[in-house]
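Here we start with a single chain on its own, the form predicted on its own, put down as structure tokens.
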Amino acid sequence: MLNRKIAPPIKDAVEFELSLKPYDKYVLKNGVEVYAVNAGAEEVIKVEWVFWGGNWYEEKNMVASATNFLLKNGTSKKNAFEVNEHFDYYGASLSRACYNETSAINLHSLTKHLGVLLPVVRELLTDAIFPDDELQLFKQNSKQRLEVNLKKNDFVANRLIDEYLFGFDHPYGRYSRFEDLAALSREEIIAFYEKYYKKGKCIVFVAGKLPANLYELMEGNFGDLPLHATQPDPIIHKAYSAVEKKYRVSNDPGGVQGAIRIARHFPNRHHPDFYGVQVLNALFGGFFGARLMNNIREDKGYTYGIYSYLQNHIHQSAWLVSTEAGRDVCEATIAEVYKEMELLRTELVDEEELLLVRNYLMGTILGDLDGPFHIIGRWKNIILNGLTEDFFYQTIQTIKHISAKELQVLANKYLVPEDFYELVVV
């Protein structure tokens, strides 16, 4: 019998043996791949249609994001209100998102309602009409939102650091502008929709408590569509990084805080250093107990929070440090960031701190495997980046076994101040 007066033994997260639940794969008649994870105790389901329709493929700025946003704002049979009301009636939600390479439509609903919701998603993929009044409303709201956001130092800093890294003409460095909003036309949006949605490359990810007839539902609603009719041609965008690496921008003369961004280029997930750098980044500034936070928030009190992270794009990545600090201590904050880089380059991390980072990263992965929606998210990341299941297990092996010396070698390779772009917006 369990003795509840004795506390259970504490087990480090690094001692767990984690595994990624496999998916089921279907291929519809038109070649659309459906990846499904059947798990979870509740009768809920998530379906995500991913298209190669991000701004990587647009010929004119903001066409991809406008197309994705207006996709559910009217068909020849339903106006925007009626489309939204249909999903609301069944307690479901239909959202959309546009990224650099891909765009997506997300459906969350009770499993039992999937059969009446999928036909309306099909309607959006075959019969969206992009009404002109909805486009004008989109322009007006986007303009107002942009006017407000441009007063925020962190918003301006995020735009500029991407532009310095990749150049404005590269999809990773591009951002919204008033002149691009004004120039958006319905004809360009419809042309993008025809090429990259109606006949575009599509992959479907499904997770939750799946109905027994899932494959029949997907085949019946989407298997006859001309998806994959126009495979997007490979497009290469060359990055033109800024020559100057240090910037100080005045955006709000009366503001009390400055937005700091320190960033460098970094290879994508296929590079062998990626595994180890995930651990090094966690140590540097990847979580609340990391060195940047301990020094610059807890010790110096310059900021409420400071983090470093890998900006993971499919083709190319970047390594960034991001924070907001008092305007009079921005330069001191930057100096402390470089000091932490130097410490990682010159001193071996001790085993106690390394164990803390290993446990944090393993705990994060453990949390990401909690529930079918998280599991399909892991698989989506692997599949869309052209990786294999081995990426998951290699990541875990690296977290568990990378040595202090290997981390120091990576620090000397990547945490070099001269390689970083430096921006303060005050």
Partner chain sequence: MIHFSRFVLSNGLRVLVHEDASTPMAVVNVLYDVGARDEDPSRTGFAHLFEHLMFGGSINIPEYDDELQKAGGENNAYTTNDLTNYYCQLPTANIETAFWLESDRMLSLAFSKKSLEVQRKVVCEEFKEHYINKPYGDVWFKMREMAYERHPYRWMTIGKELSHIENASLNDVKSFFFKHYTPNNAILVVAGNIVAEQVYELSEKWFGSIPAGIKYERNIVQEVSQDAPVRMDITADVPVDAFLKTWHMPSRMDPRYYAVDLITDILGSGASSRLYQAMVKEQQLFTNIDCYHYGSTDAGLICIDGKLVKGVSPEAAEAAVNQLLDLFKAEGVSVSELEKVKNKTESTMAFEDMSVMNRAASLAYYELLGDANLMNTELSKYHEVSADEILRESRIIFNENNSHTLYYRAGKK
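Residue numbers count along the first chain shown, from 1. Think of the rigid core as the biggest set of C-alphas that the two forms share within 1.5 Å after superposition. Small disclaimer: the values here were computed from a predicted structure and weren't measured.
We do not show the form predicted together with its partner chain, though everything after this point is about it.
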Would residue 54 count as touching its partner chain in the predicted complex under a 4.5 Å heavy atom rule?
no
Interface membership of residue 326, its partner chain in the predicted complex, 4.5 Å heavy atom rule:
yes
Quick one: does residue 33 come within 4.5 Å of its partner chain in the predicted complex, counting heavy atoms only?
no
Taking its partner chain as it sits in the predicted complex, is residue 121 near enough to touch it, meaning that at least one heavy atom pair lies within 4.5 angstroms?
no
Could you tell me if all three of 268, 271 and 343 have a heavy atom no more than 4.5 Å from its partner chain in the predicted complex?
no
Check each of 147, 350, 216, 224 and return the one that places a heavy atom within 4.5 angstroms of its partner chain in the predicted complex.
147
Quick check on this chain: which one of 190, 98, 181, 80 has a heavy atom within 4.5 Å of its partner chain in the predicted complex?
80
Stretch in contact in the predicted complex with its partner chain, which is absent here, among 233-241, 309-317, 331-339, 83-91 (heavy atoms within 4.5 Å):
83-91
Across 367-384, which residues bring a heavy atom to within 4.5 Å of its partner chain in the predicted complex?
367, 370, 372, 373
Superpose on the rigid core, then tell me if the C-alpha of residue 406 is displaced by 2 angstroms or more between this form and the one not shown.
no
Once the core is aligned, please say if the CA of residue 24 is shifted by at least 2 angstroms between this form and the one not shown.
no
Since the C-alpha distance between residue 21 and residue 8 changes by 3 Å or more in the predicted complex, give its direction relative to the shown form: closer or farther.
farther
